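Only one chain is shown below, in structure tokens, and it's the form predicted alone.
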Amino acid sequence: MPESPSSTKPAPVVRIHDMDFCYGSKTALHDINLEVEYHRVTALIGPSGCGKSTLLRCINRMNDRVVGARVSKGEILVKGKNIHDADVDLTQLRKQVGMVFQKSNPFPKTIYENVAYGLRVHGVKDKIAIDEAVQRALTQAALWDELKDRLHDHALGLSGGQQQRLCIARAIATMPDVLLMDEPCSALDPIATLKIEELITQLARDYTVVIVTHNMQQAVRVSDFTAFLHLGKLVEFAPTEELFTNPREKLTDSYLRGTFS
């Protein structure tokens, strides 16, 4: 007798269970439960200050840099491992869970060295291996054909859209399981934004992507699942088409219609 679909469904790559997150005495995220599936794009939407970026940064513990920031309840599992266990190495975690920020931030180095940076941090010394990884990452970031003859040019000489794709290449050079993207198109023009959106769709073939966006149309275009947050609470999480066409919660419907107050 064949197995039921539920028994063959793979475990989520990221599972957040009953999580509260605090900045000092203030609880910024309340009772978050979220599962992120492999090779899917999950969008986090909601009004400014709702906790989208805070939630995103919880997944690779970027919030650890903020004094007093902590998970006060619950857990975050990446590939079944609690990322707050005492034996977790933050450098390895951030290799496993890469991140692209709102504003492109290439290092003041050559294009090649930007992409090679993470590999060198993780001890890769073989030049052939680094060359191959740089070419793979730039190809996956849709930059190789544009930059293959300019690898030793300074990265800061690239256009804004190219710089952001370079940051994506840098993040995927170490082949993370998850790629976090915090409003990666907010500083870009419409043409560069379209290239990034097309790239996100392509990246989901090889990586699991979680993206924060203020642009609801962008969430519709690029994501498979969407989570709507409000005041630090996860109001609704569903397949993107379902959430946008038939939201279950009145608060979600109000936000999507623009009648939210």
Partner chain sequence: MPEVSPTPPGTLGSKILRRGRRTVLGMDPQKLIKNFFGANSSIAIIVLVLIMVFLLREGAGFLSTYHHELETYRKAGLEFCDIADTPLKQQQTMASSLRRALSIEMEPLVKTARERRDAAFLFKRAHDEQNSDGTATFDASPLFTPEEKNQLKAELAALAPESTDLPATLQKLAGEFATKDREAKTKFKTIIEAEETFEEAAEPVAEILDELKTHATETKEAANEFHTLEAGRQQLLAAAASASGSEKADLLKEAELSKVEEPKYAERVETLLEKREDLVKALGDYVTAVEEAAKSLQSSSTHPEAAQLIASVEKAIPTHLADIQKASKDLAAWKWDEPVSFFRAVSSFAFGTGWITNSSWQDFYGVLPLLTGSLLISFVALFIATPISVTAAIYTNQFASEREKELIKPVIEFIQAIPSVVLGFIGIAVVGDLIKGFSQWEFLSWIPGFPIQERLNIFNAGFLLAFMAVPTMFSLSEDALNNVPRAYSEASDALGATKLQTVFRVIVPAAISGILSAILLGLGRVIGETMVVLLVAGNRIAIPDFSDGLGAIFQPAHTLTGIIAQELGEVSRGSSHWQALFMVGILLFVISLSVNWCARTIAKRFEHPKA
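Residue numbers count along the first chain shown, from 1. Quick caveat: nothing in here was measured; it's all calculated off a predicted structure.
From this point on, the text means the form predicted in complex with the partner chain, which you will not see here.
Which one of Thr110, Ser159, Gln135, Asn105 is close to the partner chain in the predicted bound form, taking close to mean a heavy atom within 4.5 Å?
Only one listed residue qualifies here, and that residue is Asn105.
Name the single residue among Val78, Leu143, Ile130, Met99 that comes within 4.5 Å of the partner chain in the predicted bound form, judging by heavy atoms.
That would be Met99.
Even though the partner chain is not shown here, does Arg165 get within 4.5 Å of it in the predicted bound form, heavy atoms only?
No - in the predicted bound form, heavy atoms of Arg165 and the partner chain never come within 4.5 Å of each other.
Taking the partner chain as it sits in the predicted bound form, is Val121 in contact with it (heavy atom to heavy atom, 4.5 Å or less)?
Because a heavy atom of Val121 falls inside 4.5 Å of the partner chain in the predicted bound form, the answer is yes.
In the predicted bound form, Met62 touching the partner chain (heavy atom, 4.5 Å)
Flag for Met62 set to yes.
With the partner left out of view, is Ala171 within 4.5 angstroms of the partner chain in the predicted bound form by any non-hydrogen atom?
Residue-level check for Ala171: yes, a contact with the partner chain.
Does the partner chain come within 4.5 Å of a heavy atom in each of Thr91, Arg94 and Tyr117 in the predicted bound form?
Checking in the predicted bound form: Thr91, Arg94 and Tyr117 are all within 4.5 Å of the partner chain.
Only one of these stretches, 121-129, 185-193, 79-87, 145-153, has heavy atoms within 4.5 Å of the partner chain in the predicted bound form; which one is it?
The contacting stretch here is 121-129.
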